[in-house]
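The chain below stands alone, shown as structure tokens; this is the form predicted alone.
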Amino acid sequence: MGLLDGYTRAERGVVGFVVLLMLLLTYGLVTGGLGPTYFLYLIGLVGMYVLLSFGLNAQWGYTGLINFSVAAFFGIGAYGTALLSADSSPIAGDMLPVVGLFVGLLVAAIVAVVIGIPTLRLRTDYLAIASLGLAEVIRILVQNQRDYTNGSAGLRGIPGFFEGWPVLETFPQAMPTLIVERLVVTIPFVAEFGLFGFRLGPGFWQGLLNVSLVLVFVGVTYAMLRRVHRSPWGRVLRTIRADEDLAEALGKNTYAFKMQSFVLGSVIMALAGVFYAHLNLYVSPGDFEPINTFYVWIAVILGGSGSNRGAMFGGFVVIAIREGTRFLGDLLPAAFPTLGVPFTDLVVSFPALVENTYATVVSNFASTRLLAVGLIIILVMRFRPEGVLPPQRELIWPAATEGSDPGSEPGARAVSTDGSGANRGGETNE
């Protein structure tokens, strides 16, 4: 029995991708190319995008609501806590971050209800347009209402989330500073390279607290969404997404269910914004940029709409692309690699065009991340239109898969021992 027995081919591929990426990160840590504090910061960013993907998945993946205002609710959560806790806040400030957490989530819920009342009765395409307009309206309001938001200057002086907490507030300063000496490893006649060589100070311990916080947020949100996804409430949402007229014919108040889904997803997005504010210690109107919304959409589509596991995987991939492209250009050779072969022999047609294109891409690699994301989306839509990790397996109660082929595709029916093929309580497909 192997470790991956019971996993589908797609799940094995995801596990392999994650393991490979973790090995690369570990290599960066060991060789000193990646600082431990920055490593924790990356994990925090992944957790934040996972929360945003969870929120959109609760709206689009569960109910079929097209919401292009992800960045708006993210910004509401960030500004909600920053305006109460930052020392540069023009309206309040110096309050406990946990107060800002509840206020940010409450404001997001109220705004979601206010926006949902007129828009959730619209057709899907009109809802998309309305939500896109909402995001821009909120961004422009924050940018121009300087008396209340500091305008384009943003808010600085935001404390860490555990400011004012017993023990945890002083945890980073109370922990000892650890210095890991740099080791020089020499392989005779081959190479000489260094290992380790970093210092674990208050910044590292603060990062460790932040990672613990986001892991708690992600874990609680995932458990809640997984539970509600299988509940009667979740089944109604999936029915609305599949056929709203059928849900109404069954006596369901589809408008009320869509409102609940919209508010739930918006609050989760605001939760990601609260975490971001206390991670970055600075927020600005740039956090409302539409590109943030499209990154989250990409994460959900890539992972598989309606799948919480897919939302986690999508958030992981988005951060891998976003942060990986910052440094990949430095690792590639500046000129087209020819390995000693004349360039014109390698590229017969348009050699200058290929060479110039390669040089442009390498020198501006960070700017080509959208190109990389676009290519991934095209490949996924071509070969996995349902996403990498579709939600069918998540809808099956564990007891329903007992006795079935462990390597079967997600959604396979659990066959009873008498061969009747009856489903034993679990759902199969949407």
Partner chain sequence: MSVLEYVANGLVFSSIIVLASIGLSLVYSIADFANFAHGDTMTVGAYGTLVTFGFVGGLGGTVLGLPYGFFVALVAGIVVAAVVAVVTQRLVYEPLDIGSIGLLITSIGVAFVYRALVRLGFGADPREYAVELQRPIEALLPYGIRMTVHDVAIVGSAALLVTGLHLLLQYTDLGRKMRAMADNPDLARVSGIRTGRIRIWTWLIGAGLAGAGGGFLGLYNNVGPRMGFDILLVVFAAVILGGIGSVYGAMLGGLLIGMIDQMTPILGDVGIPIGTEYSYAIAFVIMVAVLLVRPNGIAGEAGS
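If you superpose the two forms and keep the largest set of C-alpha atoms that fall within 1.5 Å, you have the rigid core. Positions refer to the first chain, counted from 1. On a predicted model such as this, the values are computed, not experimentally measured, just so you know.
Keep in mind the form predicted together with its partner chain is missing from the figure; the text below concerns it.
For the options 301, 112, 84, 214, the residue carrying a heavy atom within 4.5 angstroms of its partner chain in the model of the complex is 301. Contact with its partner chain in the model of the complex, judged by any heavy atom within 4.5 Å, is made by just one of 200, 107, 130, 228: 130. Taken together, the three residues 9, 25 and 173 all stay farther than 4.5 Å from its partner chain in the model of the complex, as judged by their closest heavy atom. Contact with its partner chain, judged by heavy atoms within 4.5 Å in the model of the complex, is confined among 96-104, 242-250, 309-317, 282-290 to 282-290. Residue contact check for residue 147: none of its heavy atoms lie within 4.5 Å of its partner chain in the model of the complex.
Its partner chain in the model of the complex is not approached by residue 208, whose heavy atoms all lie more than 4.5 angstroms from it. Its partner chain in the model of the complex comes within 4.5 Å of a heavy atom belonging to residue 294. Put simply, residue 377 is close to its partner chain in the model of the complex: some heavy atom of it is within 4.5 Å. Looking at 132-152, the residues that come within 4.5 Å of its partner chain in the model of the complex, counting any heavy atom, are 132, 133, 134, 136, 137, 140, 141, 144, 145. Taking the rigid core as fixed, one finds a CA shift for residue 45 smaller than 2 Å between this form and the one not shown. Relative to the superposed rigid core, the position of the CA of residue 380 differs between this form and the one not shown by 2 Å or more.
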